[in-house]
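One chain follows as structure tokens, the form predicted on its own.
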Amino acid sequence: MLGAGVIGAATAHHLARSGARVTVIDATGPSAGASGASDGAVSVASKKPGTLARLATASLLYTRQLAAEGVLARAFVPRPAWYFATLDAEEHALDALVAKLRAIDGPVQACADGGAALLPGTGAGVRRLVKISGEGHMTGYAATAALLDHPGIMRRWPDQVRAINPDASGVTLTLASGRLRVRTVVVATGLGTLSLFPGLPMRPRAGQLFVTDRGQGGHLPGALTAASYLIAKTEDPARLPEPPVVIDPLTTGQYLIGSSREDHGDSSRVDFATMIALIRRAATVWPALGERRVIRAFAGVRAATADGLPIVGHMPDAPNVIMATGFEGDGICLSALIGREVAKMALGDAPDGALADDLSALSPARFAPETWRDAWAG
């Protein structure tokens, strides 16, 4: 198992539950990448209609199950969410959101649709609010730690994977520490996947976030998200007249606020102008933020694919190499389900029949053969 983020942890957990011998290898350690810098939303509403929305619905239900079993009891918290509009384009996005949830007819519902009065404390400029029920929140590092807390998982970090060489009977991994022979390898290395598969149509996408101090009053019982966040899933965020801000209350009494979408991979770059734009809109929509101070600003970098879908499945011409990467902002939500299904792939078991078509849409085989031409170099 390559990668100790939430996807790798979920896969390792399900393999260990089945009795398989599992070693998790990571260059740094658990949640060192995007899993440790995410907003933690287990959200169906924010997913693109179709494959991602259906998989997110199934993963939400399974995440609830794992929480009930005790595996994710301390990581997953059910809670409502609100989407707001201050612009005409955002109102249209809310119309589409309500229609999407009605079409799915699953556990997530638009349970209220109206003005700012739906959420006391909302700013006067909010034209419309849609309240969503049935979703939840799961901090990435907490979920990763919980999933890795299984006696059947061996941990190996820090250790750098330099090459993957499959053959008919298994896979030889060339690591910084030496060579390791395994039967099957799962590649869940996020942006690190590009160093192993440089032809992969994947790119880094950064998002700037900031955290406030604790404070009194203005309690927000769930995430408050601009409908422009939904628009940014399919359109260039730079063309939006207002930033697609998300205001996320933390269990500590603080707020996590984000996030920009920038096509670069520099996690140390925090742009002051972008941060000011996010703060300004957030405080306008939720005025209680005016009483808080920013105590931390940072950037998270996610692995984005060219077509917006994760890459999950057996490698072309190398069935003992399984990819589970390119989740961008959807990894936390999809982790429980993808971990279970990738473990099935590694064990040679059939996927959940109801999900077979949607999982097939994520296959690495959807890319042209030349994508993998130099995959085994080194």
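Because the structure is a prediction, the values reported are computed rather than measured. Don't overthink the numbering: it's just position in the shown sequence, from 1.
The discussion below concerns the form predicted together with a small molecule, not included here.
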Heavy atom contact within 4.5 Å of the small molecule in the model of the complex, the stretch among 83-91, 300-308, 273-281, 110-118: 300-308
In the model of the complex, Gly190 touching the small molecule (heavy atom, 4.5 Å): yes
Would you please decide whether Leu66 lies within 4.5 angstroms of the small molecule in the model of the complex, comparing each non-hydrogen atom pair? no
In the model of the complex, does Gly50 have a heavy atom within 4.5 Å of the small molecule? no
So in the model of the complex, does Asn320 come within 4.5 Å of the small molecule, heavy atom to heavy atom? no
In the model of the complex, the residue from Tyr255, Trp286, Tyr229, Phe197 that sits within 4.5 Å of the small molecule by heavy atoms: Tyr229
Residue within 4.5 Å of the small molecule in the model of the complex by heavy atom, from Gly134, Pro166, Pro244, Gly207, is Gly207
Could you tell me if all three of Val44, Pro78 and Gly222 have a heavy atom no more than 4.5 Å from the small molecule in the model of the complex? no
